[in-house]
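Single chain ahead, written as structure tokens, the form predicted on its own.
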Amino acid sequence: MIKTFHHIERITGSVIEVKASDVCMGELARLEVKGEIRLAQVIRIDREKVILQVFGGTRGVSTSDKIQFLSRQMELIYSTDLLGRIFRGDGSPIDGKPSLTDGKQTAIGGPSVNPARRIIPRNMIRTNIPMIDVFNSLVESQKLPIFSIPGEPYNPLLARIALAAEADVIILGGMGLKYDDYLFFRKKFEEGGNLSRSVMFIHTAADPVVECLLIPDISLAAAEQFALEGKRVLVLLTDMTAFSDSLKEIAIFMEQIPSNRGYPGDLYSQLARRYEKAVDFEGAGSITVLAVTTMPGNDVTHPIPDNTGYITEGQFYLHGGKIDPFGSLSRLKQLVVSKVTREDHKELMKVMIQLYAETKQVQDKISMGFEPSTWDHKLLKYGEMFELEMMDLTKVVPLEEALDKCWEILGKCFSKEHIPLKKALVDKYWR
């Protein structure tokens, strides 16, 4: 049933207020603005006061414009025709191709999967990036943030992962992207032959802020449908800080009482609703979520990374164009390391990081004027080779080759008697 109203009480930014009855949260509405149709969504109800966010912005909207409530919520038309396509946050195409008309109507922003229906993660998603595959393995159905700062190459890192990851479907959700970043992703996906197995939902910095809020929901709704059909889906989101800032802006329009640093009090819940969509279905596919979070001022105690850390299962820290081997952590890697990977993976991973930590101590000692010992010189050589072969994010190295390279580095820098590894592993793999 379509309900029509002819008077808008207030217009603030991308938010409008009307007096209406018999509407529900999340319900869609349609505005007629000088012959143009725009969609809006209910985001708050206070008795007869209904507040909606307008997709496409409120430019040109007047208080006398007609608004019709559609008695349905935001939906995605799902079919395999989504693959190879690029859409806005409201689901409209931006790749010059026609809108989808045939497919399954799928509500976006629904609840996450019942924990009782989930299974324990048991598979690894290979990325061919040694600092991930060897030292902080990405596990299927895991949710991990990439903590970074503006200016770091987190978007190129996501593009690298998208091109190399062992996944059936890649879904990219871009929020607040510069137009150059959008073109970068599009070019990389096309040149890498990856677009045919990908879906892109893009919100640029020039688009209305309210559309940014839809990107994670519509991306995850599509991912859920692909996963139910047995696909291994990797969802890449960038940047969750833009998403959180959009929540903050809408909360200001709605005159909500601000919480820490002006963010809404339900920031944790809003983030958790999206991250908890990561799941491995018994007898079907899976959803793995890897999301960039830029830290304002490189402050990990900022509300966005702080709340994110309570929800996710570890994090990757991107510093100086490299994944930090000490601050990064994948809490689920023990479920796959040396279980679905090679037998030497676990022990080798520990020893390599231990020796690199000793290298950093030697560098600190030298900076204070101490004379390096013979062992220190070996560690310095090891540190150079480790950074060159393991930490360079431009190198594409399969896991087994990366493990062999670890043994090669150890063999060039140390004698086997000095390496705290099991004798059986040393006898089998030492180079």
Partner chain sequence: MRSGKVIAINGNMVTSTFEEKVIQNEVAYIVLNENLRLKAEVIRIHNEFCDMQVFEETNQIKVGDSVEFSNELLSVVLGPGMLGTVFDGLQNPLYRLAEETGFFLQRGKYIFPLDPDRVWKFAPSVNTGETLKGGMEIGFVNEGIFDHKIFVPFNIKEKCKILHIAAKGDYKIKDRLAILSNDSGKEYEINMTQTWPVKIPIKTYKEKLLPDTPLMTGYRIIDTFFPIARGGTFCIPGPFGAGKTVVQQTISRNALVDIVVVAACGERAGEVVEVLREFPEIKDPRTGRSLMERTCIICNTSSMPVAAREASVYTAVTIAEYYRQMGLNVLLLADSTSRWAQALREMSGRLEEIPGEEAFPAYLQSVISAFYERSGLVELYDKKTGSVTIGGTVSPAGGNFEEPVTMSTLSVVGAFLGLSRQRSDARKYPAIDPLISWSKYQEQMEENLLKTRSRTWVKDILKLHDLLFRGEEIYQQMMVVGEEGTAMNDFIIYLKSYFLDSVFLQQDAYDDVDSFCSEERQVKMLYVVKKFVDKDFTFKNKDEARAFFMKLIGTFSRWNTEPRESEEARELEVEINKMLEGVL
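Residue numbers count along the first chain shown, from 1. The structure displayed is predicted, hence computed values, not measured ones.
The form predicted in complex with its partner chain exists for this protein as well; it is not shown, and the discussion that follows is about that form.
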Exercise. Of the residues S259, S92, T106, N298, which one places a heavy atom within 4.5 Å of its partner chain in the model of the complex?
Worked result: S259
For this session: Have a look at E166, E343, E190, D306 for me and say which one sits with a heavy atom within 4.5 Å of its partner chain in the model of the complex.
Result: D306
Exercise. Has each of I120, E313 and G327 got a heavy atom lying within 4.5 angstroms of its partner chain in the model of the complex?
Worked result: yes
Exercise. Quick one: which of 106-114, 178-186, 156-164, 245-253 gets within 4.5 Å of its partner chain in the model of the complex, going by heavy atoms?
Worked result: 106-114
Exercise. Using 4.5 Å between non-hydrogen atoms, is D81 touching its partner chain in the model of the complex?
Worked result: no
Exercise. So, in the model of the complex, is N136 in contact with its partner chain at a 4.5 angstroms heavy atom limit?
Worked result: yes
Exercise. Should E224 be counted as a contact of its partner chain in the model of the complex, where contact means heavy atoms within 4.5 Å?
Worked result: yes
Exercise. Looking at the partner-bound form in the model of the complex, is V33 within 4.5 Å of its partner chain by any heavy atom?
Worked result: no
Seminar exercise, completed: Contacts from 251-281 to its partner chain in the model of the complex (any heavy atom within 4.5 Å), listed N to C, are I257, P258, S259, N260, G265, D266, Y268, S269, A272, R273, E276, F281
